[in-house]
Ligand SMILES: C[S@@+](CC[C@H](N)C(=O)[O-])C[C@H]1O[C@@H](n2cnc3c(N)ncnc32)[C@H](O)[C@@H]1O
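One chain comes next, on its own, written out as structure tokens in the form predicted alone.
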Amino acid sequence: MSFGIPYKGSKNIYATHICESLPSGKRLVDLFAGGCAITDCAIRKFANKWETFLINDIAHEPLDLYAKCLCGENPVPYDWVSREDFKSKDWATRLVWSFGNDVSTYLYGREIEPIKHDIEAWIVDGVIFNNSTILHDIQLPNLVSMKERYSWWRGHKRLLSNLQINVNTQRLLSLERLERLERLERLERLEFSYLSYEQYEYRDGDVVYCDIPYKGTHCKQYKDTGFNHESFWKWAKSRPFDVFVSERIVPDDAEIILKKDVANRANTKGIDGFKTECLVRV
């Protein structure tokens, strides 16, 4: 099951393990919510563990998109976006059309773009364009709906790989994920805020979780805010309440609650060397 919106650095793949490891309380505070995977998982799978949920992040765009999707409003169309038009699109469209959902890098290389255009034109609209000859080498079935064509395409990976076609359809997967964020029955249990972590005010019964930008990785979301890891840990350790933090490099005096070995997703070349994700209490 996928949680939250598609987002670079999302905790989607182990959100369930984190929510299981966090203590119960009156309110779950997701202080660096990002793509909202943790809160979304908590609401959908652990609804009785917390009474209310605070989703906070200094970047309002991912939180706004998550809220719109919960209300049944998906602002990202299926229309094709070219490399030339990419930069002029709104944040949500660039999220879906960017490599690794980084919002800034166009999803396809120049050579592969016309091939991807033809593939998605057939999947979405059932039409065959001649920007490339790739579809002429495949016996495409006559299917009525986009869902049927998409399912067929994903189910024929061996055939397509033999033709040296990359079957990755990240954009369609991202759109599919946004559409699965159906309306929640108890939206009144959700609060949204756009504060820096220093501005957060504790309430009795809060369980405070922080998915901070990992040290040694490139997190553009907090680049302009001057996020400082040393200052954050000083803040966390000085709180009169527990602070739960996800990181890869943790202080020696932090209590490790959860440790997971995961594939490196922060750098496609794998040069940062990190493989272990930790959830700690300070």
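Keep in mind that this is a model prediction, so the values were computed, not measured. In this text, residue numbers run from 1 along the sequence as written.
What comes next is about the form predicted in complex with the ligand, which does not appear here.
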item: Selected contact from W122, Y197, W153, Y108, since only one has a non-hydrogen atom within 4.5 angstroms of the ligand in the model of the complex; value: Y197
item: Residue (of L31, V243, V250, C41) lying close to the ligand in the model of the complex, criterion heavy atoms within 4.5 Å; value: L31
item: Segment that reaches the ligand in the model of the complex - one of 204 to 212, 134 to 142, 111 to 119, 82 to 90, heavy atoms within 4.5 Å; value: 204 to 212
item: Any non-hydrogen atom of T16 within 4.5 angstroms of the ligand in the model of the complex; value: no
item: Exercise: I58 in contact with the ligand in the model of the complex, heavy atom 4.5 Å; value: yes
item: Contact of L65 with the ligand in the model of the complex (heavy atom, 4.5 Å); value: no
item: Distance check, F46 to the ligand in the model of the complex, heavy atom within 4.5 Å; value: no
